[in-house]
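Single chain ahead, by itself, as structure tokens, in the form predicted on its own.
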Amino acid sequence: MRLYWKVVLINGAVLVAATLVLVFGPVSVSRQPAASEAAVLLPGLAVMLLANALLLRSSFRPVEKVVAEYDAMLERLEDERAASNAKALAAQEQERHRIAQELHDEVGQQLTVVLLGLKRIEQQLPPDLGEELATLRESVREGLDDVRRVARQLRPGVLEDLGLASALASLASDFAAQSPAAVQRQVAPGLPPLSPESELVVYRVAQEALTNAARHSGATSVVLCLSRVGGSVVLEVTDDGRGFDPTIAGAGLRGMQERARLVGADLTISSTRGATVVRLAVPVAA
């Protein structure tokens, strides 16, 4: 029997019982109820309400059990999803580290060898051929710089070595070198320490926000701010670009949201034409 009909029948049975008591019982109510009548009806009402509550309690007990099991299942699934996301992001960071190491140790070293070889050859060639070789050597040098830059982006060694403030400064410098937009960096002094996981989340969110500003916004000005607000360290990246619809989450936005959840941070993104703000609030451990 469906729960709806169980409730209807229980309430109907209680009301029928109350009606029978009034019809066949030695109880009557005058137009002006007397105190004696109230003394009879009020306990009767209390008994009726108690009976209704007890009957409904027995009917809802299976439902409460199912709801409790459902809530426990949802909580377990959420924990499993969070653990899975954490493993995926950890694997992603390990892969970034591996690729950065290979770029630095293999590609970077090979380009360095080529660069030195070209320099030696340039010294032995006639001046007219030396100019062409110098142009080629400069292209190799630019390629080597690009490899080093990509390696730094993949593995923020400065974050591990010098801390979050220096890593954000390096990130802002790289952004300024690659984008025509002016970047302003504001880091409040005396910020409380964060866990390595939280620092990495702040760095990656800032990196993604700056990358989006450089590639898609057409901004002329970007502000990167790190400060303390109440019990949180707050990162804000603001640009004056064309804006976008933050409800349409691409891979970059989903990645930021997943990272924020891993450390219990609050990520909000607001965007209109001329003002996009990415705000990440990371709670500080007590």
Partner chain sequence: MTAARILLADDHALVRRGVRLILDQEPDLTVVAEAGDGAEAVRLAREVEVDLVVLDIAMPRMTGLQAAREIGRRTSRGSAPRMLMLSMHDNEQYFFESLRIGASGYVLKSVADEDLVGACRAALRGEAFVYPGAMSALVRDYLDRKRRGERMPETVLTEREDEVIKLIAEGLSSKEIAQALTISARTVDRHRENILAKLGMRDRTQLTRYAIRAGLIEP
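Fair warning: this is a prediction, and the values are worked out from it, not measured in the lab. Positions refer to the first chain, counted from 1. We call the rigid core whatever largest set of C-alpha positions still superposes within 1.5 Å between the two forms.
Quick note: we don't show the form predicted together with the partner chain, though the next part is all about it.
Student: From the candidate stretches 167-175, 193-201, 207-215, 72-80, select the single one in contact with the partner chain in the model of the complex, where contact means a heavy atom within 4.5 Å.
Tutor: That would be 167-175.
Student: Please identify the residue among Gln110, Gln92, Thr135, Ser84 with any heavy atom within 4.5 Å of the partner chain in the model of the complex.
Tutor: It is Gln110 that has a heavy atom within 4.5 Å of the partner.
Student: Look at the candidate spot formed by Leu115, Asp145 and Arg148 and say whether the partner chain comes within 4.5 Å of a heavy atom in all three of them in the model of the complex.
Tutor: Each of the three qualifies.
Student: Within a 4.5 Å heavy atom cut-off, is Arg96 in contact with the partner chain in the model of the complex?
Tutor: Answer no; every heavy atom of Arg96 is more than 4.5 Å from the partner chain in the model of the complex.
Student: Using a 4.5 angstroms cut-off on non-hydrogen atoms, would Ala88 count as touching the partner chain in the model of the complex?
Tutor: Although the partner chain is absent here, Ala88 would stay clear of it in the model of the complex, with no heavy atoms inside 4.5 Å.
Student: Quick one: is Glu131 in contact with the partner chain in the model of the complex, heavy atoms, 4.5 Å cut-off?
Tutor: It does not: once the partner chain is placed as it appears in the model of the complex, Glu131 has no heavy atom within 4.5 Å of it.
Student: In the model of the complex, does Gln124 have a heavy atom within 4.5 Å of the partner chain?
Tutor: Heavy-atom contact with the partner chain at 4.5 Å: present for Gln124.
Student: Heavy atom within 4.5 Å of the partner chain in the model of the complex: which residues of 201-233 meet that condition, in order?
Tutor: None of them.
Student: Look at His216 and decide if its Cα position differs by 2 Å or more between this form and the one not shown after superposing on the rigid core.
Tutor: No, the C-alpha position differs by under 2 Å between this form and the one not shown.
Student: Can we say the CA of Ala169 moves by at least 2 Å between this form and the one not shown when the core is superposed?
Tutor: Stays below the 2 Å threshold, so no.
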